[in-house]
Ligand code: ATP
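First, one chain by itself: the form predicted alone, in structure tokens.
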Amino acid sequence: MPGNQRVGIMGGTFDPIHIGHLVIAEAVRIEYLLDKIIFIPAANPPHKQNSCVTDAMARYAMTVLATYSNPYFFVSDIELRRAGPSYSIDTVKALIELYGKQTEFYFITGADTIQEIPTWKDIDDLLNLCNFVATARPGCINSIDNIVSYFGEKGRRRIHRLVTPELEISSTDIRQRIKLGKSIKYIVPESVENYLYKEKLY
């Protein structure tokens, strides 16, 4: 619903989505008093053009299953319906059209990803359109300072830091565990675990 809302954007490949994504999203929602968080599975991530990424609709389905029980979490197929690479600037502009210019957007990233944003398409325009929340585990929050300084005053206004629970989980590790026949229980939501085994992913 359009209006004066505070909306989080949680983009990612989600191959697969795991509890680390969910814990971070919930921490940001509470800290910044967000009305909702929109999870947006990427169709063709520009930074993974040479990688083998699982079918987009399977990743979308797992994201829906993982977030369904949280009334503040929603999933959008906005990037899946767009041809070509998925650029964040295009996604944010589309969300502004949908929610209205009065909506305040918070783009959620990890400390590693925030280091790469100077290379993102139209990053100066993107920083004019939304806030960034760079999440990091305890002890790593200072690594974000260089990026804040890089963008000067705009960086200080638009890039926020948030310490989140330390969870050593990655989608790459989950895929590897499945290939090796190791358990992934409690690393991904049970609904996602059931789905990926039923569909014989990874």
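None of these values were measured; they are calculated from a predicted model. Start at 1 with the first residue shown and count on from there.
The same protein also has a form predicted together with the named molecule, omitted here; what follows describes it.
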property: Contact residue in the model of the complex, from Met57, Ile169, Val163, Ile30 (heavy atom within 4.5 Å of the named molecule); result: Ile169
property: 4.5 Å heavy atom contact with the named molecule in the model of the complex for all of Phe14, Thr135 and Arg175; result: yes
property: Stretch in contact in the model of the complex with the named molecule, which is absent here, among 124-132, 87-95, 107-115, 73-81 (heavy atoms within 4.5 Å); result: 107-115
property: Contact of Ile24 with the named molecule in the model of the complex (heavy atom, 4.5 Å); result: yes
property: Distance check, Val192 to the named molecule in the model of the complex, heavy atom within 4.5 Å; result: no
property: The named molecule contact at Met10 in the model of the complex, heavy atom, 4.5 Å; result: yes
